[in-house]
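Heads up, the chain below is alone and in the form predicted alone; it's given as structure tokens.
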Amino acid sequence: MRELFTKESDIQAMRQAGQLASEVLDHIAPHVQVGISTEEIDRLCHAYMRDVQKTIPAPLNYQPPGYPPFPKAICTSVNDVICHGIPSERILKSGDIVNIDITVITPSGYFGDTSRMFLVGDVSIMAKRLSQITFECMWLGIAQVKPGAQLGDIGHAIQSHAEKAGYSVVREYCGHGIGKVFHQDPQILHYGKPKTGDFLEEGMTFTIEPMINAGKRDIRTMPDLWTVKTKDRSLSAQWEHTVLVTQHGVEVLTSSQNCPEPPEIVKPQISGNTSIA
């Protein structure tokens, strides 16, 4: 399935969904400190969605074929966890890095999906650099988005920047189309060759969410069938935005008051063709 939004009402609904997802991250940011458990982060996010926003957490009880139901409202991926970390009694310590991944479903049935990295306490220079390079990778991918560009352009920009920094790109997981359905076509690979793959069209909405490892790209899946870690136990980072292909470029839908601004490295590339909802 692939959705193409041509009605302004649909686009506005996606803007609202994206903003609401980002606002959950704004809400939880002050709480991501040494001593909090990832389960408490989940509880606070879920309560904010349910009681304040009146949204539904899409991950809760989400069950693709072959998987058990996901038991929590959000994903919290700490240190060597690449993605889909299940919130638990694990206490965050100084030096930890954690990705918090939020997907909300609005009352009108639209999905907004975004994630950010959080650095806890006194974090190593290596960990800070990994998070920053991954942030830049996401934005360099976003900068490729415009009608007539191809999916391989996005992947190539991300892969080139990550590998130039000495990092590796996870290949088993990727971005995805999103709208009134959580996961749909197209698949947005975070590696690839320019001028290959499907062409981008105005009205497409999808996520760009590179997972970048400090070591090798190989993964291992835990017995819970959800938690994915680096095989070599190296650190991993991820950033995610949902974007809309516009007439002349791209609009970032998952923005909010305290969302980090684009990095300096990408500002010359996005000037004039990128808007932030």
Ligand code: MF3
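In case it trips you up, residue 1 is the first one in the sequence shown, and so on. Bear in mind that the values here come from a model prediction, so they are computed numbers and not experimental data.
This next part talks about the form predicted together with the named molecule, which is not shown.
Problem - Arg129: touches the named molecule in the predicted bound form, heavy atom cutoff 4.5 angstroms - result: No - in the predicted bound form, heavy atoms of Arg129 and the named molecule never come within 4.5 Å of each other.
Problem - Heavy atom of Glu240 within 4.5 Å of the named molecule in the predicted bound form - result: Answer yes; at least one heavy atom of Glu240 falls within 4.5 Å of the named molecule in the predicted bound form.
Exercise for the section: State yes or no: in the predicted bound form, is some non-hydrogen atom of Ile188 no more than 4.5 angstroms from a non-hydrogen atom of the named molecule? Expected result: No, Ile188 sits far enough from the named molecule in the predicted bound form that none of its heavy atoms falls within 4.5 Å.
Exercise for the section: Mark His176 yes when one of its heavy atoms lies within 4.5 Å of a heavy atom of the named molecule in the predicted bound form, and no otherwise. Expected result: Yes.
Exercise for the section: Note which of Glu136, Asp101, Asp96, Asp153 lies within 4.5 Å of the named molecule in the predicted bound form, where distance is taken over heavy atoms; exactly one does. Expected result: Exactly one listed residue reaches within 4.5 Å, namely Asp101.
Problem - Heavy atom within 4.5 Å of the named molecule in the predicted bound form - residue from Val81, Leu92, Leu200, Cys75 - result: If I apply the 4.5 Å criterion carefully, the residue I get is Cys75.
Exercise for the section: Tell me the stretch among 31-39, 54-62, 212-220, 248-256 that has any heavy atom within 4.5 angstroms of the named molecule in the predicted bound form. Expected result: Stretch 54-62 is the one.
Exercise for the section: Enumerate the residues of 152-187 that have a non-hydrogen atom within 4.5 Å of the named molecule in the predicted bound form, in sequence order, or give none. Expected result: The stretch 152-187, when checked against the named molecule in the predicted bound form, contributes His176, Phe182, His183 at the 4.5 Å heavy-atom cut-off.
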